[in-house]
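Read the single chain below, which is given as structure tokens and is the form predicted on its own.
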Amino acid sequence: MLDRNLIRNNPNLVMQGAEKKRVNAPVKEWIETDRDYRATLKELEAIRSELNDQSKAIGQLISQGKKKEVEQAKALTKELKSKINDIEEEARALEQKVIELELQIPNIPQESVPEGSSESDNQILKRWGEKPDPSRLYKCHWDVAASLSLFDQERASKISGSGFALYTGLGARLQRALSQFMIDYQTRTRGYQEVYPSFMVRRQCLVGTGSLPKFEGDFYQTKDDDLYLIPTSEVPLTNMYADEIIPSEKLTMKLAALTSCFRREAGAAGKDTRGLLRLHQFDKVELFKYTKPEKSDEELELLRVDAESVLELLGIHYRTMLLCGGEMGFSNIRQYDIEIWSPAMEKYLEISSCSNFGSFQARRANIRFRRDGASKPEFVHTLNGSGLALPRLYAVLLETYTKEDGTFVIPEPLQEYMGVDSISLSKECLV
């Protein structure tokens, strides 16, 4: 969330930021409600002060033997207490309304974020590698998988319904190899500390990241425990230090987690239903940073490179986009999307989003640091990015590295994890 003083003192800036993100934010309603809330608190303070004065006066009147005045003072005290109860209830309702409204106000994009409302307004920041030979006919990944028995969506649907995958044989090993390679690379080579969090979180954790209430209905929720399956490990990683003060010497802190992720994809019905492009459950390596405010822009660029370098090691053509305001997420101030080329579908597929959230998430989750023993605590800045999501990477690898004779050549970095250098049509591929 934003600093309340910023909203009060510079509402135009906040509204302009929301407009840039194409979000209809209740800034004016928040200001009016906040004004009423503070006026109510002021009235409450005045009545409590009057009650305190009356309580003192009763003692004096009793000592003076003024029975009639004592009874009058007691009656007034009772009236003041009743009034306080009413105003406290009003204040609680207004406070709740203030919180509900401010949770609907998005973070403010940086000035350098381009204007725009669609992906056509995004800016290409970088291209790496060449597209696979355009003169060749490439098989879609679901056809490659069928011929090599790598995953089985029909049986997955029988088990869980549509939108799930069942990896089999060497296909399951490839899934595991990709996961292991990426988490090993980020922790052993790029300096991230590995974390293995729980896959279920409390509602407040999703509020802390800005996922709720904005995306209510997009997540899987347990019925009896009021826990949510994580849509990304960003959620538990952000909340590891909720309501804590991180020692200054620990910053910048770099964390990486390999987890399964669970998403209803409620707003994507009918889109990308074939193959692995849009699943309700998938694995992902998440990269996350806590840092000082003055370092967050620099750390975002480093984070982006950490994600991009995985694709370079695997030899996958990609481009990196700086997103315009209308394409950005709710909680960030700057966002890069990394997209990989599908030679069979002849289009780019988003494989990672790398974002700087400023103090927005830290303010929601109350995560601070102190520069030294005498300094006032400040909110940290948080950053995160996929490093990378598995399904689309898996799909593009199959399309890119399958030869015309149907043999899938395993990229060199994965061969030690796979134990083989290729997968070809053979009896061992059959399920």
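One rule holds for the numbers: they count along the sequence shown, beginning at 1. The structure presented is a predicted model; accordingly, all values stated were derived computationally and were not measured.
The discussion below concerns the form predicted in complex with the RNA, not included here.
Of the residues given (Lys68, Lys28, Lys403, Lys42), Lys42 alone sits with a heavy atom within 4.5 Å of the RNA in the model of the complex. With the partner omitted from this view, the residue of Ile245, Cys140, Ala172, Ala146 that lies near the RNA in the model of the complex is Ile245 [heavy atom within 4.5 Å]. Interface membership of Arg136, defined by any non-hydrogen atom within 4.5 Å of the RNA in the model of the complex, is ruled out. At the 4.5 Å threshold, heavy atoms of Thr77 reach the RNA in the model of the complex.
At the 4.5 Å threshold, heavy atoms of Arg92 reach the RNA in the model of the complex.
The RNA in the model of the complex is approached by Ser49, whose closest heavy atom lies within 4.5 angstroms of it. In the model of the complex, the RNA lies within 4.5 angstroms of at least one heavy atom of each of the following residues of 352-384: Arg368, Arg370, Gly373, Ala374, Lys376, Pro377, in sequence order.
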